[in-house]
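Below, in structure tokens: the form predicted on its own, a single chain.
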């Protein structure tokens, strides 16, 4: 941390601000240089760093797994093949224990979500100053490197899953069956339709919110703790040593957090899609 040029508040705010591109109040388009300018840009601004890191990690996932598939052998497997096979078998076993319908999309979708979210979360293990300070040295004002700490990314993934939930709900139950599910449960009476719809609609909307906000909240909190620990390195040798110990302890614990959050997102996706395929009466 450049403590001589930044206050604690400036340091925290800098690390929590995305590299955002959008339209400024005077009408010209460009990058924001502060959180205040980001707020002025409004809805149509785009967090460039979140997009680049999420897409880049998605491409990394695709390339690594494709390489493992291309070089797979029935003989002695490589370390990469072993790792990929373990992930595939783990997700396949988990999916088959939850999803009891015929749909070839679900297991690959769950694996994609698990690995992609894990990679995005794992960026939180990179020391908080390295990439942002490198970006500043290269003339880039801000650089958030953990896409899952951006609610735009987590909610975009959650809404994509929500779209699949609606699609399969209508496909499996039919438009009329889907409407009946929203209006005639849990109380099978036409007089209870307003109450039923309120209860079922809230339950339906809670699905994408539980996916997106849970991931965002947990990862944002983890990133904030890393930032607060990093502040200790500017407080003298004693604080720096203590901060180094805390950083390693939190990083080790955070490995569990980032893996668990990726797993929860994938499992809840499978659970919600299984409910969408369920055609039995409540």
Partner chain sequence: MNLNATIIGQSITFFFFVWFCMKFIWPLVGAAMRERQETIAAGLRASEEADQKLALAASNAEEELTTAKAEASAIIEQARARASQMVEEAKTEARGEGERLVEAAKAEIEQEVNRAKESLRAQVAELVVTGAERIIEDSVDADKHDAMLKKLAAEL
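Worth saying up front: this structure is predicted, and the values here are computed from it rather than measured. Residue numbers count along the first chain shown, from 1.
Although not depicted, the form predicted together with the partner chain is the subject of the following passage.
key: Complete contact of 186, 255 and 259 with the partner chain in the model of the complex (any heavy atom, 4.5 Å)   = Negative, none of the three is within 4.5 Å.
inquiry  = Among the candidate stretches 144-152, 130-138, 171-179, 188-196, which one is within 4.5 Å of the partner chain in the model of the complex when only heavy atoms are counted?
reply    = Contact criterion met by 144-152 only.
task = Just give me the single entry in 46, 224, 251, 245 that has a non-hydrogen atom within 4.5 angstroms of the partner chain in the model of the complex.
result = The option sitting close enough to the partner is 46.
message = Is it the case that residue 70, even though its partner is missing from this view, gets within 4.5 Å of the partner chain in the model of the complex, heavy atoms only?
response = Although the partner chain is absent here, residue 70 would touch it in the model of the complex, with heavy atoms inside 4.5 Å.
query = Counting only non-hydrogen atoms and a 4.5 angstroms cut-off, does residue 111 reach the partner chain in the model of the complex?
reply = Flag for residue 111 set to yes.
ask   = Contact between residue 51 and the partner chain in the model of the complex at 4.5 Å, heavy atoms?
value = Yes, residue 51 sits close enough to the partner chain in the model of the complex that at least one of its heavy atoms falls within 4.5 Å.
key: residue 233 within 4.5 Å of the partner chain in the model of the complex, heavy atoms   = No - in the model of the complex, heavy atoms of residue 233 and the partner chain never come within 4.5 Å of each other.
request  = Quick one: name the residues from 128-145 with any non-hydrogen atom within 4.5 angstroms of the partner chain in the model of the complex.
outcome  = Counting only heavy atoms within 4.5 Å of the partner chain in the model of the complex, no residue of 128-145 makes contact.
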